[in-house]
Ligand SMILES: Nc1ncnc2c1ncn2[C@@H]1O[C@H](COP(=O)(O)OP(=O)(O)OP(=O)(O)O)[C@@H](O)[C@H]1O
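Only one chain is shown below, in structure tokens, and it's the form predicted alone.
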Amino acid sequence: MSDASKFDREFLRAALSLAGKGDVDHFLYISDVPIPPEDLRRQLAKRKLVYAVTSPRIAEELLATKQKALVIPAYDYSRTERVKVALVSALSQGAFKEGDLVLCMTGKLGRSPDTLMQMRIGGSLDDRLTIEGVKLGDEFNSQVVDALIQLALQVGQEGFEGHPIGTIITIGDHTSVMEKSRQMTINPFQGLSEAERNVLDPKIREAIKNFSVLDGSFVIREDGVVLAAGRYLSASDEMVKIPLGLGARHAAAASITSTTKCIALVVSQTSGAVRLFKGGNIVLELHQTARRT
């Protein structure tokens, strides 16, 4: 065994020892390579372990052995962004709760984990983000929000046919959003039954990706039913302030979430970053290290 791999093993064992302490509620292990069984023997952390993997097949194999696992996108995030994405998925699936202390272990995609972070749910992950911001209220379906965040990340990473695109997705308070917007083009979802246009259906998520090239925003109900694409958001709130460098999409999302009870996801055409707005403010921000070309 090389010195590097020996150190990696010792680092993992030290992390497991820390995760086994009484103050830690969960050990979030963000890697597609499961921890060797011999390293988990006699470890108190075993019952706290939650895997975040990029392969549904690996997740199914872990779940089949009674281990906890969730799937995150396979894009090349920075270490901090990988933790954010995994935490959002875990929270939306009810794996963690307010006040839990989570020990997170991660690394670069395809490499051994080399970074350890502790996170108190409801506390700050960095100066710009509070995980509490994704606790959106009982009216929102957590599966729908999580599916749309993952979809927005895909749009930001892949664009359309190799070209970068941006878009806005509003979720909730659809009556008010429709009143404060107007149709810019033919609504491609008009005429479909509600069962045929729910974002929990992978075919509909793929359609949203394709229709993201349209100007305007998507309007989606709390339960995931897509009501419209290509809506121009006309809400305006002069009191809303957005960070310098963010453009018209972000201003529109800030205004519509300030004047209604909806939330809005914005994909930046310039950078591919995804931002979640609520009450006129950014409550979640996810950046990608590189776009797929």
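Just count from 1 along the sequence shown to find any residue number. Small disclaimer: the values here were computed from a predicted structure and weren't measured.
The discussion below concerns the form predicted together with this ligand, not included here.
_Taking 4.5 angstroms as the heavy atom distance cut-off, pick the stretch from 24 to 32, 240 to 248, 38 to 46, 57 to 65 that is near this ligand in the model of the complex._
Of the options, only 240 to 248 has residues within 4.5 Å of the partner.
*Considering only heavy atoms, tell me if G216 and this ligand come within 4.5 Å of each other in the model of the complex.*
Within the cut-off, so yes.
*So, in the model of the complex, is T270 in contact with this ligand at a 4.5 angstroms heavy atom limit?*
T270: yes, in contact with this ligand in the model of the complex.
_Can you tell me whether L233 touches this ligand? I mean in the model of the complex, with a 4.5 angstroms heavy atom cut-off._
Yes - in the model of the complex, heavy atoms of L233 and this ligand come within 4.5 Å of each other.
*Quick one: is A252 in contact with this ligand in the model of the complex, heavy atoms, 4.5 Å cut-off?*
Within the cut-off, so yes.
*asked:* Looking at L148, M105, I168, V88 here, can you tell me which has any non-hydrogen atom within 4.5 angstroms of this ligand in the model of the complex?
replied: By the 4.5 Å heavy-atom cutoff, the listed residue in contact is I168.
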